[in-house]
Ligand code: ADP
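The form predicted on its own is given below as one chain in structure tokens.
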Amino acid sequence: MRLGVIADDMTGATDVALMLTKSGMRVVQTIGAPGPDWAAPAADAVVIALKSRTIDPADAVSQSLAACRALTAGGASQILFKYCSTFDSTAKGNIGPVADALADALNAPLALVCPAFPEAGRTIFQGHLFVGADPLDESPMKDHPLTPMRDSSLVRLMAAQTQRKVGLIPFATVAKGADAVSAACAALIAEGCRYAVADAVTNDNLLTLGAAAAAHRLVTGGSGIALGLPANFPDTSARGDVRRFEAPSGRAAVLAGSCSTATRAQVAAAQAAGAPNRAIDVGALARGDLTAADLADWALSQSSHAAPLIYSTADPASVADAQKALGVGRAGELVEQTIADTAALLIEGGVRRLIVAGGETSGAVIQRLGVRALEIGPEIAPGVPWTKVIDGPPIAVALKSGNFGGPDFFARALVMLDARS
């Protein structure tokens, strides 16, 4: 292992694992904070997927440090702390506290902060994060039920989560190349900065940043920053190859927990196309009038040739009503647990192709299924691959960040898998 990655949610882990595979590395993704008996898999890069984005900051730090210790013990000379390309974070963290702990553990004098992912419309200019043409705080992320983003300035967002000084490497510097970025990093260190928000508008900018970070012990950002890291390890020549990915046969199902604009459009498209679909009534869940068994029984009663859709996806107003009635934490946990239990029952019932929409939802599903390692397969959409369970029954799983993919994502994913059967 040369590169170790700590991802704060499941979809982010598959996203960055795909990026590294496409860049030429042999990659294995493992699930959960490693225990003392953890053995590093044989790979150029290992991605450890945590579910630490919205948990208590102290727990997020503890799990991330455990992952860091395991990765460095396994040979990683550089650690990438991967978080969402929209910098999803609660007011208390967890990006800042985790980055602080990792920087201390690795004795890193400076770490880049760059969640840019141009292919998915996430760009950074003058330190401000854009989602498409909109500043982050004017994008749909402003209404995220768990991590509402009300500022687009990454310098301010990061500074609010750490006591350490945060600087900026502006686009004009990045455009001059890796040497200019390296010089800027040295200048920021001299000024007492521990973090450097780096502008990036194109993939070429990300390659520049990757080259400039060759000697950095710690890098932080979205999957885009991983585009430029494999070139720093030229001996990792056994290229990742997804052409051998073989899809298991069996029934398919779609579980959508995200309430993002993109996932709402995907649910609407599936409904318009005639897919069997059933909404999760959060009130009925709370009263005990609806259970995971009810949902799974309904899905398995549909035609074996259909891919039934079960969703809690709703507009911001409906989400706010549920949170008001049950509390933010209770509403989210209830839905996640129900979807995770439904997934386990669907697998027991013969489903072997599962699409899960939403980062928190994906983490809950994978934990409930007891999956510990995933093989990275072909890319469905930027940042979203098919994966296959390595340490259990042959199950293909697509874990989709809520904001990713076009309206036809669900149908497109299943057609792609049919071609590999």
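Keep in mind that this is a model prediction, so the values were computed, not measured. The term rigid core refers to the maximal set of C-alpha atoms that superpose within 1.5 Å between the two forms. Numbering starts at 1 and runs along the sequence shown.
The protein also exists as the form predicted in complex with this ligand; that form is not presented, and the subsequent description refers to it.
Just one of S139, N94, T342, S260 comes within 4.5 Å of this ligand in the model of the complex, counting any heavy atom, and that one is S260. Contact with this ligand in the model of the complex, judged by any heavy atom within 4.5 Å, is made by just one of L157, A299, V335, A103: V335.
Only one segment in the set 395-403, 6-14, 20-28, 408-416 has any non-hydrogen atom within 4.5 angstroms of this ligand in the model of the complex, and it is 395-403. Annotation: in the model of the complex, residues A111, L218 and P230 none come within 4.5 Å of this ligand through any heavy atom.
Interface residue remark: E360 is counted as part of the site for this ligand in the model of the complex, having a heavy atom within 4.5 Å. Interface membership of A314, defined by any non-hydrogen atom within 4.5 Å of this ligand in the model of the complex, is confirmed.
Put simply, V282 is close to this ligand in the model of the complex: some heavy atom of it is within 4.5 Å. Contact between V131 and this ligand in the model of the complex is not found at the 4.5 Å heavy atom cutoff.
The Cα shift for V356 between this form and the one not shown, taken after rigid core superposition, is 2 angstroms or larger.
Here M10 does not count as shifted, since its C-alpha moves by less than 2 Å between this form and the one not shown after the core is aligned.
With the core held fixed, the Cα of E336 is displaced between this form and the one not shown by 2 Å or more.
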